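Quick setup: one chain, the form predicted alone, written in structure tokens, and binding and motion questions come after.
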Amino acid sequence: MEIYVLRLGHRVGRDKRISTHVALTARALGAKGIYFDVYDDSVFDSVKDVVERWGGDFFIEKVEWRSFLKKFNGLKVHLTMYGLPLIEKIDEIRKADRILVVVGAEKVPPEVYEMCDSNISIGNQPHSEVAALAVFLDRVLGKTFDLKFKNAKIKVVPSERGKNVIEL
């Protein structure tokens, strides 16, 4: 199964940190890449730097979201607190070969709800899009602790106390 993320509504002056965290979460939890509807050099550079140092094939790219969403060949899932609970749709979602997860930064256009195959919630309370994406990827892929990142230059060696990062 391949999962991609589409980040909608990134506000250049305001969302750098949270959008970077959306991208890094997508990468760390097994998504293949992320698409943004807005180019922000600081976000793109930060993510590319992490991929360069920590490894993997993860990509970040700018797209025109309407045509991209319309043409995407696979299951389109919009994460929204107004959607159906993930637990009710997870078996159906896991059957897909390719998934595009749409994550909004601000209020998403109403047409997103119509263009997506499923509108899914990770709880029905206000919360972070980073948290929603993390829970979604962990529940759907279920391989958070088994991921290996090829061509990594550094990696963490787990330890109960302290920080142990080695160069490869």
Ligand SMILES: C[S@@+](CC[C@H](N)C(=O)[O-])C[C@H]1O[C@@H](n2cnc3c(N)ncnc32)[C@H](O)[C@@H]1O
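Counting begins at 1, following the sequence as shown. Small disclaimer: the values here were computed from a predicted structure and weren't measured.
The discussion below concerns the form predicted together with the ligand, not included here.
Is residue 125 close enough to touch the ligand in the predicted complex, meaning at least one heavy atom pair within 4.5 Å?
Contact with the ligand, yes.
Decide whether residue 90 counts as a contact residue for the ligand in the predicted complex under a heavy atom distance cut-off of 4.5 Å.
Contact check for residue 90: no, nothing within 4.5 Å of the ligand in the predicted complex.
How about residue 132 - does it come within 4.5 Å of the ligand in the predicted complex, if we only consider non-hydrogen atoms?
Yes, contact at 4.5 Å.
Residue 107 versus the ligand, in the predicted complex: is there a non-hydrogen atom within 4.5 Å?
Close contact exists here: in the predicted complex, residue 107 approaches the ligand to within 4.5 Å, heavy atoms only.
Which one of these stretches, 116-124, 57-65, 43-51, 30-38, sits within 4.5 Å of the ligand in the predicted complex when only heavy atoms are counted?
Flagged stretch: 116-124.
Any residue of 152-168 with a heavy atom within 4.5 Å of the ligand in the predicted complex counts; write them all down in order.
Counting only heavy atoms within 4.5 Å of the ligand in the predicted complex, no residue of 152-168 makes contact.
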